[in-house]
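Okay, so here's just one chain, in structure tokens, the form predicted alone.
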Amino acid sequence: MTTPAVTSASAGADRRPTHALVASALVGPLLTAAGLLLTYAVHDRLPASLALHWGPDGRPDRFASLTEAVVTASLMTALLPMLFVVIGAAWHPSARGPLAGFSGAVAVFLGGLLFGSLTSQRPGLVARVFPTVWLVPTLVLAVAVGVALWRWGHLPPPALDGAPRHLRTGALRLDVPDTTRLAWTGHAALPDVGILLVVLLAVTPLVVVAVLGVPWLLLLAVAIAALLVLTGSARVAVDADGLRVTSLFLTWSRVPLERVAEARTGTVSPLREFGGYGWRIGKDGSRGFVTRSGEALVVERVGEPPVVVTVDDAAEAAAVLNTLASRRS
């Protein structure tokens, strides 16, 4: 983007995002300890050779000793979620809450998947990749832990001081009477062909494996497809309530008029600045709904990092938002 982001005044003082991130780093090791205790409690009921990997037909195709299986499950549960903790530590404090939630959810899912499949195996029975008795509790706990850590690490915007604010001279505006009702709508979306291709690439392997013998993967395939559709398209609205970026029932970004410091146009590179497409958090804390490179609406917020949305006619959207915001000054 063409100008630096507005940083949050409370980012350095509020330690909750950091605390949530540290707590998420402990979820994996704690679940690993619990998994080890559970494995020890049932070790005399486990087969001598334990399944470690399953093929496309849902049947195990790699086996190992109890020691190797336990070490594998422990390392993956304890260490893989740490990747998101490291990213969160390097990112803007306002991004640590979401990353803490994701890290905690991944740790719970891995712990349930790996230790669940390990401790449920019995001699003479075909091992299952994710036993039914573990599936629902693991998914429910993963969501609960993820949401709890996310909310704990949420960085609230700093309180407004009530002082009147004036837009920068030269900021885009409309030359219309103050009594004129203004609104603007746009659409931020990947090309339809692009969305279809991404969904097919992500979901088809899961559907194939599910049909061949792992039915629960159909649920995962549906969830991934829904997430890809939701993050690939959004409605952008500017009106008397401010800016809203929504997909069906989800609100990705909302900026009330009193939080608008200035709206402008900018140029965005999704991969370089946000690491991908859809709803993203930049390293500087910017919230982006980015579906292509090029022109974007950039909304600088009071005391918070900016919101970036790739839409056509971004200059018109910025002018409408600035005009509405100036009426609140």
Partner chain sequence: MLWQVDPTSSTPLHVQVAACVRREMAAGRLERGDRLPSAKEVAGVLDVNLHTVLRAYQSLRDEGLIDLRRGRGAVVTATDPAADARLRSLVADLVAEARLTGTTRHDLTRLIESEFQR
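Fair warning: this is a prediction, and the values are worked out from it, not measured in the lab. Numbering follows the first chain given and starts at 1.
FYI, the form predicted in complex with its partner chain isn't displayed, but the following is about it.
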message: Just to confirm the contact call: exactly one of 76-84, 152-160, 233-241, 97-105 touches its partner chain in the predicted bound form at a 4.5 Å heavy atom cutoff, so which is it?
response: 233-241
task: Would you check whether its partner chain, in the predicted bound form, lies within 4.5 angstroms of a non-hydrogen atom from each of L174, T180 and E316?
output: yes
Heavy atom within 4.5 Å of its partner chain in the predicted bound form - the one residue of W91, F130, W252, W184 that qualifies: W184
Contact label in the predicted bound form: A25 to its partner chain, heavy atom within 4.5 Å: no
